[in-house]
Each structure stands twice: as C-alpha cells, then as structure tokens.
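Next comes just one chain, in structure tokens: the form predicted on its own.
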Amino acid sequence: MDVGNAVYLAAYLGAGLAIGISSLGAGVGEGFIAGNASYAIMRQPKARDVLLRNMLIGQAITETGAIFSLVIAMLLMFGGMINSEGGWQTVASLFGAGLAIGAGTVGAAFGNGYTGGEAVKGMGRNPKESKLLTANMLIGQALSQTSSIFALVIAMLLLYSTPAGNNLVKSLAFVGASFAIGFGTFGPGFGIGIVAGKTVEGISKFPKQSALLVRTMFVGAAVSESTSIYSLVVAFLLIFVA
C-alpha cells in the first residue's frame, strides 16, 4: 500500500476507533446509572428531583471519556494531522492516537457508571444522606477518571510529539504505546469505580462510618491506580526512548 494512502486510512480508522470504542463504555455506564435511578425513584418517589439531578450529574461525568474521544476524532479528521509525506511513523501515530483514547476511556466509563449507579441507589435507600452521597460519588468518579486522562495525554503526544519517518521500529513503538495505555488503564479505571461504588453503598447504609469508608476508598484507589501509572510510564518510554 502507498504510504500516502495509508496515512489517510490510519487517520480515519483511528477516528472511528476513538469514538466507537469509547461510546461502548460511556453508553453502558450511563445506562447503569439511569437504571438505578429509576429503581430508586420507585422506592422514594418524593425524592425524584434529587435523584434525577444526581443521575444527570453522574451521567455527565461518565460521558467525559467519550468527549475526550470525540475531540481526538475531530483532530484526526479535520485538525491538519494528515500529512501524506509523513511516512509509516505518522501512520502508526495517527492510528495509535485513536486506539489509545478509545480503549483508554472504557474502563473509566464503566467505573464511573458503577459509582454513579450505586450512589443513586443509595439515595433511594437513604435520601437524607443525599448530599454526602453526592460528594463521595464525585470524588470516586474523579479518581476513576484519571485513567482516561492518562489515555488523553498519550493520544495528544502521539498526535503532536512524534516525528515523521519510515523507521519500522519507531512505528511499532508508537502502536505499542497505544496498546499499553489503551488496555493498561481498563482494569484500574473499572477497579477504582468498584471501590468507589461500594464506598457510597456503605455510606448509604452506615453514614456514621463515612470517614472510615472514604479513607479506605482512597487507599484502595491508590493501589488500584498503580498499574495504570506503569502503563503510562511504558507508553512514554515507547514514544520517546524506543
């Protein structure tokens, strides 16, 4: 295949992967929140306004990764990224950017959805603690979202900081970086969401133990996040050192 055509193919394929894969996680996560909100409203119809508001807040945060992916997809298609003379390294970086942000946001979206769903379910169980549950839902979702931010950083580096050329090793290194961050952030993003979701569930049942539960959440999230940091480091090395 002519490398000039391959650049166009990589940009368009990367854009499709970015928004297509990320929409999977965002859609499932938002649906989980909405389903639990409906169940909670059934239990506590008088708290429907609070529940609907928190459902929309949780869904908006869950949508963040898909918005990151939309930005990368637009840059790939219309941001002047396509250089038919860029060589195979440009092909690899454009494809890699789409894969990195698409796959790298799925785990966080699942995690955010689980946290938001457990939060609104907890409000249905204990509406008097809605403010406390909202605050901890936001903290948990922010922790889970870190993984997608790592993926965004790598995607932007692949777009703007990779040199053109036809070095096969460098080209494969760029693709390897996208695999590292794309798949390496799934577990941490989802895992932190599980920690946060169980925390808000516990707070809804035992609000007096909220301080202990939140401390445990932070410790658990920090340990769960470690492997996504490893993935970020390896991705940096593949882009700048390999």
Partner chain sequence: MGSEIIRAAALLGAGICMGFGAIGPGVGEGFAAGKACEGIARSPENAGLLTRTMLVGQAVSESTGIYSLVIALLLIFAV
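All values derive from a computational prediction rather than experimental measurement. Positions refer to the first chain, counted from 1.
If you look for the form predicted together with its partner chain, you will not find it shown, but the lines that follow are about it.
Chemist: Counting only non-hydrogen atoms and a 4.5 angstroms cut-off, does Gly16 reach its partner chain in the predicted bound form?
Modeler: Taking the distances in the predicted bound form, the answer for Gly16 is no, it never comes within 4.5 Å of its partner chain.
Chemist: Taking 4.5 angstroms as the cut-off for heavy atoms, does Val3 touch its partner chain in the predicted bound form?
Modeler: Val3: no contact with its partner chain in the predicted bound form.
Chemist: Since only the chain is shown here, I'm wondering whether Arg48 would be in contact with its partner chain in the predicted bound form (any heavy atom pair within 4.5 Å).
Modeler: Arg48: no contact with its partner chain in the predicted bound form.
Chemist: So in the predicted bound form, is its partner chain close enough to Ile82 to count as touching (4.5 Å, heavy atoms)?
Modeler: Outside the cut-off, so no.
Chemist: Counting only heavy atoms and a 4.5 Å cut-off, does its partner chain in the predicted bound form sit next to every one of Leu168, Phe190 and Gln209?
Modeler: Heavy-atom distance to its partner chain in the predicted bound form: all three under 4.5 Å.
Chemist: Just one of 25 to 33, 38 to 46, 60 to 68, 177 to 185 has residues with a heavy atom within 4.5 Å of its partner chain in the predicted bound form, so point it out.
Modeler: The contacting stretch here is 177 to 185.
Chemist: Under the 4.5 Å heavy atom criterion, name the residues of 218 to 236 that approach its partner chain in the predicted bound form, in sequence order.
Modeler: Residues within 4.5 Å: Val219, Gly220, Val223, Ser224, Ser226, Thr227, Tyr230, Ser231, Val234.
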